[in-house]
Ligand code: ADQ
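Here we start with a single chain on its own, the form predicted alone, put down as structure tokens.
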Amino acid sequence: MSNNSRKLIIASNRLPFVLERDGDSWKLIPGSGGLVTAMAPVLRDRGGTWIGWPGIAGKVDISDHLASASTSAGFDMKPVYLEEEDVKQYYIGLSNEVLWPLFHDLQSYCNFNPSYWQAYIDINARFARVISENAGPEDFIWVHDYHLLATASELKKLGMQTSIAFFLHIPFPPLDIFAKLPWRTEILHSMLAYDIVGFQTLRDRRNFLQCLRTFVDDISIEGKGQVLTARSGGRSIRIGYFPISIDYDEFSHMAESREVADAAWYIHEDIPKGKIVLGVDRLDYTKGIPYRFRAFEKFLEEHPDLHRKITLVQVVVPSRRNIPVYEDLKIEIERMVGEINGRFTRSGWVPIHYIFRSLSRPELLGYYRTAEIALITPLKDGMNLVAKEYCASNIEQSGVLILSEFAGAAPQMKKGAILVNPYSIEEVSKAIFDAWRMDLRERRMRMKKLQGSVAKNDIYWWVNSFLNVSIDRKLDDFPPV
């Protein structure tokens, strides 16, 4: 088989768009989040296939929409359909009421409903069937994230012989937290059905290996460096860490465009006084937004002389609104915005500008260009690509990045960013003040380091490093068609 017939097959819970009802028809909205940001540029024009759920319950004829979206994106899209009960048990249930909070060390949010596990296995089997129908023997199957931990074991049941890789975009928890999972052994054995398992950071790989040694009887670990080999059940599985990134050139070039420059100008017109502190997050309790607001409130209390000279712009992208805890979080965020603005607002100045919607790419980059300070303080994050997007878009090289030490990006960005403990109100408040008063020379020195690191280790570096380990190939072996 020639290289031209070799394809990348990507499987993730969602297709790279959101399908929403628009009157009597449907409309496609581009997806957000790290996976779409990272993988869409890689697949573009390579003739690959992205398999995932279109985001609606039931089987609806969306073939025309998929064809249009595929043409626009430069790769094929194949749907996996979920019914209402599937969404409740597999997506809202095990994926987002168990794995998501547990893997972010927030086990108090977990709901260990016994019925969730079988639904999770059933949907992973459904994904496996669609993958097997669309993958050839020379294709590279790359499964993504916590929704599909058991897909490889289901593919093996269907007789799939080709190499199957997996990448976890969220953190992997330490042993004492993972041990609370009722299906801990089943999860580990399912992950060992993959041929390569990738994590974001050394920390995540270390946690995974400790869990393997504790709960898998016949496991042995060999090697050193970025990629180790686990042997279990007569099989060898490579286990590595590969920090994901962005298309640096795309962000930096677009940030220089007239469209983004105009967006930045309008932002300056709307917020003409002082420096802008920017937060951009999905609606999620892992992002630490209430702690961030308390830190900004403390900053305002301690520095009344800086009122009118600084404004926090907090963008919250709607997410998982059908899960009650997320709606509760939205209410809490809006209550805090009202409370802080009620205390500190003065004529001509509002301390927090709150935006609850998705932003277009030019508008988002306009905020990246305009903001003198990025405040990115998740309680825990697999990587956090917003931090990297901010740096790539900061073409004046004058921005300051304040970053949680619990973000996966922290080890890579620690030489240029101000690292903080997001739980420490005092520490984050002080970091805001230090960033506000930092002189231009130091800001540029820090930003150049950050940009150099992100540019060198961009999304194509990430894919190539993963493919090299997986199948001794590079992205160029999957040429554009």
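Just so it is clear, the model here is predicted, and its values are computed rather than measured. Residue numbers run from 1 along the displayed sequence.
Keep in mind the form predicted together with ligand ADQ is missing from the figure; the text below concerns it.
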How about Tyr368 - does it come within 4.5 Å of ligand ADQ in the model of the complex, if we only consider non-hydrogen atoms? yes
Taking 4.5 angstroms as the cut-off for heavy atoms, does Ala73 touch ligand ADQ in the model of the complex? no
Should Val130 be classed as touching ligand ADQ in the model of the complex when contacts are defined as heavy atoms within 4.5 Å? no
Taking any heavy atom pair closer than or equal to 4.5 Å as contact, tell me whether Arg282 reaches ligand ADQ in the model of the complex. yes
Among Met77, Met383, Leu329, Ala119, which has any heavy atom within 4.5 Å of ligand ADQ in the model of the complex? Met383
In the model of the complex, the residue from Asp139, Asp86, Glu389, Asp204 with a non-hydrogen atom within 4.5 Å of ligand ADQ is Glu389
Would you mind picking out the stretch of 205-213, 265-273, 121-129, 311-319 that comes within 4.5 angstroms of ligand ADQ in the model of the complex, counting non-hydrogen atoms? 311-319
Would Trp100, Lys287 and Arg357 all count as contacting ligand ADQ in the model of the complex, using a 4.5 Å heavy atom cut-off? yes
Residues of stretch 229-258 in contact with ligand ADQ in the model of the complex (4.5 Å, non-hydrogen atom): Ile244
